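Listed next as structure tokens is one chain, alone, in the form predicted alone.
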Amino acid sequence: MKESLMEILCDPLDKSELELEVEERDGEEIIEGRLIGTVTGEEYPIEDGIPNLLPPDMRDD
């Protein structure tokens, strides 16, 4: 996932902003990390460069 995507991504639950926590990066590409809803506190994983923005009740853990 490119960090520039943060400009257009929002929390799917309430459309608030997301905070980015990076665990692994390759240049401009975020490989592993998580997005956190600033209002809901919900966490959305980034795995293999792909953010999973499915609501929590629709995700396979």
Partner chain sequence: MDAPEPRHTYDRIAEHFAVTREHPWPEVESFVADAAPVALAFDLGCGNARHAEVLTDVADRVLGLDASRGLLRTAQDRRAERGFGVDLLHGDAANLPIRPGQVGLAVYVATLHHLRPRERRIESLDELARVLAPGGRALVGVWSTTHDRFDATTGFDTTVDWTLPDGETLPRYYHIYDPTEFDEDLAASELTSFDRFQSSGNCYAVVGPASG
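Being a predicted model, the structure only gives us computed values, none of them experimental. Positions refer to the first chain, counted from 1.
The following text describes the form predicted in complex with the partner chain, which does not appear among the structures shown.
Student: I'd like to know if Gly37 sits close to the partner chain in the predicted bound form, meaning any non-hydrogen atom pair within 4.5 angstroms.
Tutor: Result no; Gly37 lies far from the partner chain in the predicted bound form.
Student: Does Val22 make contact with the partner chain in the predicted bound form, using a 4.5 Å heavy atom cut-off?
Tutor: No - in the predicted bound form, heavy atoms of Val22 and the partner chain never come within 4.5 Å of each other.
Student: Spell out, yes or no, whether the shortest heavy atom distance between Glu43 and the partner chain in the predicted bound form is within 4.5 Å.
Tutor: The answer is no: Glu43 has no heavy atom within 4.5 Å of the partner chain.
Student: Does any residue in 1-25 get within 4.5 Å of the partner chain in the predicted bound form, counting heavy atoms only, and if so which ones?
Tutor: The stretch 1-25, when checked against the partner chain in the predicted bound form, contributes Lys2, Ser4, Leu5, Met6, Glu7, Ile8, Leu9, Cys10, Pro12, Lys15, Glu17 at the 4.5 Å heavy-atom cut-off.
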